[in-house]
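Given next, in C-alpha cells, is a single chain: the form predicted alone.
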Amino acid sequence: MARHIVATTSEIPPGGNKVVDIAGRDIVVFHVNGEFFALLNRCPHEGAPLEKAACVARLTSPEPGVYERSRVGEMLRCPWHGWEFDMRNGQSWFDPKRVKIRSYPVAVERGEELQKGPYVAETFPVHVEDSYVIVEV
C-alpha cells in the first residue's frame, strides 16, 4: 500500500473533515478527539457522501431507561438514511458482519520524519575563480 501525504494537521480542524482523491477514490479524512480516521467517502447503502455525515456518539442502554454515551464523535450517521458506522474500522452498527465502509490506515508524522522522496534536482559543480562564479554543465 503506497503512502500519500494528504494534508497538514492544521488543514483539518477538530471535528472537521477533508475529502481527498487518491488513485481515483474519494477518501474522507476525519479529525475526531485528537485522532485522524480515513474512510471511503461513500455509504455502502446508496452511495451518500460521508463527508456530510453527522459525527455522533455511541449510545448504549444497559437496562431500560438508562442510557450511556461513549466515544463521542466517533460514530458516523449517513446523511441520507441514518445508517451508522464506526469511524475506527468502518463497521456498521446494525449489521457488522455484512455491511462495512472501507477504512484506511492513517499516520501523523512530523515533516522531518517523512521518507525522502525519489525526486532529486539535477545539480552542477560551482567554482569561484578570482571574481567570477563558474557553473559547469
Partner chain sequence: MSEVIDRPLRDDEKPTATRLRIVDCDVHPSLRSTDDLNEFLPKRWQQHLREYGSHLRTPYLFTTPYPRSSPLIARRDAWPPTGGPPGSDLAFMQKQHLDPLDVEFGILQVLDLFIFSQQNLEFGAAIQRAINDWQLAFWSHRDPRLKASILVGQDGVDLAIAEIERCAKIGEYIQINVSPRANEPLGRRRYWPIYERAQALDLPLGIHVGGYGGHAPTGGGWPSYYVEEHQSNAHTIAAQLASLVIEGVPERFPKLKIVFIEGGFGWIPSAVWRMDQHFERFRSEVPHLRRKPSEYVREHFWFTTQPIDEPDEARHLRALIEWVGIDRLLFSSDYPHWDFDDPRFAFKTPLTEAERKKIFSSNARAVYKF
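Everything numeric in this text was worked out from a predicted model, so none of it was measured. Residue numbers count along the first chain shown, from 1.
Absent from the display: the form predicted in complex with its partner chain. The rest refers to it.
A.B. asks: Looking at 28-36, 105-113, 52-60, 68-76, which one sits within 4.5 Å of its partner chain in the predicted complex if you count heavy atoms only?
C.D. replies: Within 4.5 Å of the partner lies stretch 52-60.
A.B. asks: Flag Trp93 as yes or no: does it have a non-hydrogen atom within 4.5 angstroms of any non-hydrogen atom of its partner chain in the predicted complex?
C.D. replies: Judged by the heavy-atom cut-off of 4.5 Å, Trp93 is well away from its partner chain in the predicted complex.
A.B. asks: Although the partner isn't part of this model, could you tell me whether His45 comes within 4.5 Å of its partner chain in the predicted complex, counting any heavy atom of the residue?
C.D. replies: Flag for His45 set to yes.
A.B. asks: Wondering, does Arg88 line up within 4.5 Å of its partner chain in the predicted complex on heavy atoms?
C.D. replies: Contact with its partner chain, no.
A.B. asks: Any residue of 59-85 with a heavy atom within 4.5 Å of its partner chain in the predicted complex counts; write them all down in order.
C.D. replies: Going through 59-85 in order - heavy atoms within 4.5 Å of its partner chain in the predicted complex - the hits are Arg77, Pro79, Trp80, His81, Trp83.
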